[in-house]
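Okay, so here's just one chain, in structure tokens, the form predicted on its own.
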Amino acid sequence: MVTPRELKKLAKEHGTPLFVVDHDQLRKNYATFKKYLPRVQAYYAVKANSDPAIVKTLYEAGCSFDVASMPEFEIVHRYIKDMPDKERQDWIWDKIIYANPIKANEALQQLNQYKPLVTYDNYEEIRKIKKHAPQAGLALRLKVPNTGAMVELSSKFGAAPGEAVDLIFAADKAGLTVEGLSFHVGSQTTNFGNYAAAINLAANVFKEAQDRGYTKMFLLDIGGGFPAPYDDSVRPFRELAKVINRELDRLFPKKIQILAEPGRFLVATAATAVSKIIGKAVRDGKLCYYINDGVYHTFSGVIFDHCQYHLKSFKRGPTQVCSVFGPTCDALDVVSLVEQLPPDLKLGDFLYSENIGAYSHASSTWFNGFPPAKVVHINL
């Protein structure tokens, strides 16, 4: 992981706000995922951070990709088109999944030529896929418990277990092939029981489909939600993997392919943000720092991802509770109301925030005319 000394040097060299991506950490996170879930093929959720250099590093490490829009698809596709002929010939299009259950007709029309694997969870989507992407393979997304997840998803997506097999047969009747099932237990899931419950639910749907005569399914996509170690309250990944491996081995024979869509777990700890103090004031007796990054930029996860990122100073010494605000004139631009920082920081001093690689820079805007942070890649 990049050291504070290296961060400070990069900030002086490149200016701030700065977003530093450590590719050694990316490779380490992917290796950890494969070590503890050897049966599972990882499809990186590009939405977590769509920087093409991150896609490249993970592809070279052996990763596949989960995309949820055509722009994300094109990020992966552009990289593949630029490969040498031999590498491009080795690419298999079933190593990419379009995992947004609700797709625009235009996206389906563009996808059809690639014979993609796509998810669905309702009858209307079957009709759309049949009309606009009849060459696609399907994975039915199930509604599963999201208890304890930082971001709940089952209220928006997922077929009820009771209608799952009917949806499989409806797709089959339309001339489409349902290749398997998928689910998502919610983002940053620290309740490991969610995975056990979801895998058991999926196994029951597999069995019901087989009992009713549908035998074409050969894959299970266990989705994302793998928690990043933001703090000590998050149990080690190996403990979650033990739960998942036990249930997979108990309920799904080896012939069933297992997919997953890790996003946050792969990229969160691989990036650090560095910002500069541009203002300082005392309001109602509380020290306030203003920095040149905020919730419309790298700290967008405070709003969109329900995530709290902590800031650190490069200076040592006593600290006190402070507020930290972003640079825009919007009162929403609050990075944190409770940060422990030295009271003697000056304008021009740097702050940094670790573990900010996921759902952060990917959501940056140009609101108020302030540009997103500059991205610097190290250890490529």
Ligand SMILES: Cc1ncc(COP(=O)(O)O)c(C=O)c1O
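As the structure is a prediction and not an experimental result, all values here were calculated from the model. Don't overthink the numbering: it's just position in the shown sequence, from 1.
What comes next is about the form predicted together with this ligand, which does not appear here.
In the model of the complex, K47 approaches this ligand with a heavy atom inside 4.5 Å.
For Y359, a non-hydrogen atom is located within 4.5 Å of this ligand in the model of the complex, even though that partner is not displayed.
T272 falls outside the set of residues with a heavy atom inside 4.5 Å of this ligand in the model of the complex. Taking the partner from elsewhere, S187 is found to have a heavy atom lying within 4.5 Å of this ligand in the model of the complex.
Comparing 160-168, 102-110, 296-304, 255-263 against this ligand in the model of the complex, the single stretch with non-hydrogen atoms within 4.5 angstroms of it is 255-263.
Residues in 290-320 all lack a heavy atom within 4.5 Å of this ligand in the model of the complex.
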